[in-house]
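One chain follows as structure tokens, the form predicted on its own.
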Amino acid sequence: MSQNDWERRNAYVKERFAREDDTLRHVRQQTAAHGMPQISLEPNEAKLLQLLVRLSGARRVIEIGALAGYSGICIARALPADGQLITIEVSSLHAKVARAHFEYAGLAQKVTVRHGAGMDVLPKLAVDAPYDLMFIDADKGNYHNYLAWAADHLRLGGAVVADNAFWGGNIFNPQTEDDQAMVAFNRRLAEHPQFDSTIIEVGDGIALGVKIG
């Protein structure tokens, strides 16, 4: 498939199935206004994440890497009325902005923002396991640790979802530690005996594993 065909297909899906509403556009604009990294999910990726939450029947979700709350809003919208998202964010500024955006979106009652590093916060959440779904979009060097935690704390049939599986194409010619970390994560997920997994070719690649054992 040529680059032009790829872009046309992405544009078609975005226009027909993944249009950003006013709330999501506001979050994207405010992310830039606060000088935060412009790395929120693309609309096609966010739509897929939302559908995965619905398909899995998830009620209790953990997200690692809140940023400004864009992906968290998409997750929370897919949860049932009694559903709960716990989103972990290492930056105090990002956590503050995300809380404001969940409030803006009318989802504050469904979302708890936990400030701290993922590997520091996750042990505190273990007592309330099992969870239904984990979304990973944070420090690449810990992706393998987050996967290990998911294997121990997701319910049978639960799902682990991870962004940047292709890591901008760098997995094909890894140079940096983060490149190598993503290569290792993909390998571990593919070979993990507790997950049936794949990479969905949307955006920068969405890795998906369903817990089977």
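A residue's number is simply how far along the shown sequence it sits, counting from 1. Quantities reported herein were computed from a predicted structural model and do not represent experimental measurements.
The protein also exists as the form predicted in complex with a small molecule; that form is not presented, and the subsequent description refers to it.
Though the small molecule is absent from this view, in the predicted bound form it lies within 4.5 Å of a heavy atom of just one residue from Met134, Ile88, Val97, Ala76, which is Ile88. The stretch from 183 to 191, 62 to 70, 168 to 176, 150 to 158 that comes within 4.5 Å of the small molecule in the predicted bound form, counting heavy atoms only, is 62 to 70. Against the small molecule in the predicted bound form, the set Leu51, Pro130 and Phe195 makes no contact: no member has a heavy atom within 4.5 Å.
Residue contact with the small molecule in the predicted bound form: Gln30 places no heavy atom within 4.5 Å of it.
Looking at Pro80, you'd find every heavy atom of it more than 4.5 angstroms from the small molecule in the predicted bound form. Contact check for Ser40: a non-hydrogen atom falls within 4.5 Å of the small molecule in the predicted bound form.
Interface membership of Gly106, defined by any non-hydrogen atom within 4.5 Å of the small molecule in the predicted bound form, is ruled out.
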